[in-house]
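Just the one chain here, laid out as structure tokens, in the form predicted on its own.
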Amino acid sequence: MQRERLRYLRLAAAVIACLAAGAAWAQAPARTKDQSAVGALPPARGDKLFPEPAARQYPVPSPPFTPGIFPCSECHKGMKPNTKRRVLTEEHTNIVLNHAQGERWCLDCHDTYDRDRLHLVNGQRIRFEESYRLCGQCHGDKYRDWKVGVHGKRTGMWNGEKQYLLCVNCHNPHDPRFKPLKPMPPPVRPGDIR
């Protein structure tokens, strides 16, 4: 009985020490970018103290545009933007928006006044090569996984230059769900070859 009580007290002391260390760390003054501390953890990127730099660029190929469709300004030049949600009947009729139906439409992602750009929720215009930032606004878990190479395809050396595929290299942005795939036959065992 005495042994169990002693083990319980040690466990409780360890938990209290961990909680106290966590509370002290959370209340520690934030370091500025030019301050460094030996053995200190690096600042978390993307948080309010250290936002991810806007200039950070992931090496990506050009998006897979339909031939003859980009730059969009070729056709949209001089057109007065119509911001009314509607079914398109003259152009882009081949695009079926099957992405949060009834909640999304073209100008939620495409910029109203610069058709060669997309725009984020905060209104910032971005290039099509940065579309991962747009997708990441709603699909944050996938964006996080994409940045570290868990989701999507990334090529290159583990300690050298890499190239990331954009979301649109695998997903149709207007209808992103993967279609059912026919499974491949199982591999043939070396002894089963006839």
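Don't overthink the numbering: it's just position in the shown sequence, from 1. Quick caveat, the model's predicted, so the values are computed rather than measured.
One more form of this protein, predicted together with ligand HEC, exists but is not displayed; see below.
Residue contact check for R10: none of its heavy atoms lie within 4.5 Å of ligand HEC in the predicted bound form. Contact annotation: P63 falls within 4.5 Å of ligand HEC in the predicted bound form, judged by heavy atom distances. Interface membership of T89, defined by any non-hydrogen atom within 4.5 Å of ligand HEC in the predicted bound form, is confirmed. Contact annotation: M157 falls outside 4.5 Å of ligand HEC in the predicted bound form, judged by heavy atom distances. Heavy atoms closer than or equal to 4.5 Å to ligand HEC in the predicted bound form belong, across 143-166, to the residues Y143, W146, H151, G152, K153, L165, L166, ordered by sequence position.
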